[in-house]
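Take a look at this single chain, the form predicted alone, given in structure tokens.
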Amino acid sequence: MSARGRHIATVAGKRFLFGLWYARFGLASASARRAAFARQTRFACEELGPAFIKLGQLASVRPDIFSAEAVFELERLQDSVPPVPIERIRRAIHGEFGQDADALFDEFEDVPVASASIAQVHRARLKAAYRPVFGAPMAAGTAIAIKVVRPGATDDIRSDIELAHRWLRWIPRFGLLARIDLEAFLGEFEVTLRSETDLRNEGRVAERFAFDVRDDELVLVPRVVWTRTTRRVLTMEFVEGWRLTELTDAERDGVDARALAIHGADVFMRQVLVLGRYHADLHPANLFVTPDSRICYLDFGIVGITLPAQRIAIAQVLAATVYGDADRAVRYSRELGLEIPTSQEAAVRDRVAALMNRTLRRPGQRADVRGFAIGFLSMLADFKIAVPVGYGLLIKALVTVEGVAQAIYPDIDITQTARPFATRLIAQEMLRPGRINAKAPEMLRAAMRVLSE
């Protein structure tokens, strides 16, 4: 066994034993056991480095596969590593364009502004004016961010993934994670890795998102400089502002924090329920608040899709969450692919109602959407009810939006923000001529019954 393999085995074994200890060797409740092992899994990913951090981050947006406890614990993973020496970054840029960075850009800064496991970002300025595919022209001297895939990063991660494949083959033999196809998950990770290391994909998604919000003056998406973009280098407009993780009360004083938080939630609702595609990888570290009170979206790695037939059911589930209606939540969740056995429906409905009373319907207190989501997904795990892919991603995204909104304005209640949006959408659907025409015979029969009594 290689030294790296022994290190992985040592860390995994240590964290497994810690998990057993904090789970009281299986005597704790099911939820507490899941939480204990989720926490140790996060610690293990942090110890093992980039490949495992990326795996953990992918798991954090897959509540259809992993427990709620794991999903919300792993979202805390921070992808930050020491920077690559600047000489290697400059060689990588020369390899892509055949020219030195100083010939391509003005004021190229050797010290990176960000350094992650896949890429690091350097600041520079445009050497010449540029007209982007979408957005206003960019003048010469415009500040730009140059994202460069770290030399050797892909090979290092693939090497770790090969080791992970070997270790994961043993897990089912011990009866652990038997319901999870870990080999398929690793295969999905490899596809995601190939996409993420081709930075042109991020540029294309960013431009599509910019087109979707083109009429929204409070949303900013960095413009892409395609003449300085390749598979390994992405050049975009550099945006000044504060990350939400850095936003303090003093900085909030310069922006209308409450209005911006409400608007951010509204933008998400519009993406899900009107546009049919949404930024599914939001977290406070990849959003900016600009000095002119706009929200800037970054990192378009994961996009969720909603089909027209799903959107009214999503609106109904959202309304059920807003109004604390357990029966409606269960009924319309089924339309989104949640398969609840008839024998368990009453018990599920009772659990959902109790959970809503505990987290959403709290007189004098702000609704706890995160607590509801974790409790709801944990309840499905207890009943061994599978979570459809899109359904789980949507729940996770809604919780993330609540976290983002509260990072901007801590006192916001996202259920109150969502209430008029969900109500309006459902009303529009109910008043659609086609729906009224379809319902007209039933309405007429009901009226005749009343008149005949």
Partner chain sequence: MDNDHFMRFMASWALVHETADEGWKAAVERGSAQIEGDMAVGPEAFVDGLSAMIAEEKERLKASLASDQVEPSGSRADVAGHLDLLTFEVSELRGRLESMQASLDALLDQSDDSGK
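Numbering follows the first chain given and starts at 1. What you are looking at is a predicted structure, and each value in this text was computed from that prediction instead of being measured.
The next section is about a form of this same protein that is not shown, the form predicted together with its partner chain.
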*Among the candidate residues T359, Q271, S117, T229, which is the single one with a non-hydrogen atom no more than 4.5 Å from its partner chain in the predicted complex?*
T229
*asked:* Counting any non-hydrogen atom inside 4.5 Å, which residue from V133, A285, A129, L275 sits next to its partner chain in the predicted complex?
replied: V133
*Which of 105-113, 90-98, 379-387, 338-346 has heavy atoms within 4.5 Å of its partner chain in the predicted complex?*
90-98
*asked:* Between its partner chain and R204, F211 and R424, in the predicted complex, does every residue show a non-hydrogen atom at 4.5 Å or closer?
replied: yes
_P410 within 4.5 Å of its partner chain in the predicted complex, heavy atoms_ = no
*Using a 4.5 Å heavy atom cut-off, state whether S29 contacts its partner chain in the predicted complex.*
no
_I'd like to check something about R76: if you look in the predicted complex, is any of its heavy atoms closer than or equal to 4.5 Å to a heavy atom of its partner chain?_
no
*Do R366 and its partner chain come within 4.5 Å of each other in the predicted complex, heavy atoms counted?*
no
